[in-house]
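Quick setup: one chain, the form predicted on its own, written in structure tokens, and binding and motion questions come after.
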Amino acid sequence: MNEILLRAPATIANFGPGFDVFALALAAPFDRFRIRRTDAAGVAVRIVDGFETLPTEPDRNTAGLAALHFFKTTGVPGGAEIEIHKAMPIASGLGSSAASAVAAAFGLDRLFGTRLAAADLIEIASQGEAASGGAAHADNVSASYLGGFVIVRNRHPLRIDRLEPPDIPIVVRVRRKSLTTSRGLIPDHLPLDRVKEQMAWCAAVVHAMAAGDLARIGEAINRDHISEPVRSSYIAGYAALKTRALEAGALGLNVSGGGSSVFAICPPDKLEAVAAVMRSTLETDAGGAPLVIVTKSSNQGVREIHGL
């Protein structure tokens, strides 16, 4: 096999209080990929359908960097051509870069028959993430690879736990972040009382996921002392938006990944009301009307497809 076609899903990392630990795969949006093996060494990246601002140099593109790590890790001879068909918004906290890294690692493993373990491929993909966020992260890539709800239990060595969530209706309000990354602004220390609250909320997320309790999932993701206070400060009108979404029937709302998108968990009969709130223009910036996506959780990660 010299070519493989793939799709990899968007994800919500830092899911609620789970900073660098929780992530959830989404049914939509997703990107599609064509990956070819070549006899000559080297990695070439091409991006289809616009997105001219994305780098295509292999060491600056998450798919390209993951491919370079794949060849370095496995030592297999040859190279790759990676064609990315983008449908996911970029730089918005929905795991676009992770999906590309996952597709590269997954596709090359299939093309070259290396049969690496899932943890090894997730580790290769996480190294590709460094091209986007400046450091290797495993939350988005784990969810995009495995699907479902993931818990990054340990980083070195990598240990991932996965739960199959119920159908979770989600409204995402997409905004491109104003900073490349706000990670350096996250506090290193919290007061003990807030640490205890954060631990309780994380436990509540896992319990609610395991129980399939939509209302409690929403309640549990609605609070966070680590990421939300910092990243929401770069989202104009965030506090008012959260209040209005909850009043419209959302069960919980928080920042998606590194921002500046936000997501709300809703009962099915409240999706349109919450989406209408999300479409309202509460910002003071000049970014124009936001993109609002009505989607849901997915238990399916990266997979092979038979056409683009």
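Note that the coordinates shown come from a computational prediction; the quantities given were computed from them, not determined experimentally. One rule holds for the numbers: they count along the sequence shown, beginning at 1.
This protein has a second form, the form predicted together with a small molecule, left out of what is shown; the following refers to that one.
Screening 26-34, 56-64, 271-279, 253-261 for residues having heavy atoms within 4.5 Å of the small molecule in the model of the complex returns a single hit, 253-261. Using a 4.5 angstroms threshold between heavy atoms, R231 counts as touching the small molecule in the model of the complex.
Not displayed here, the small molecule is approached by N140 to within 4.5 Å at the level of heavy atoms in the model of the complex.
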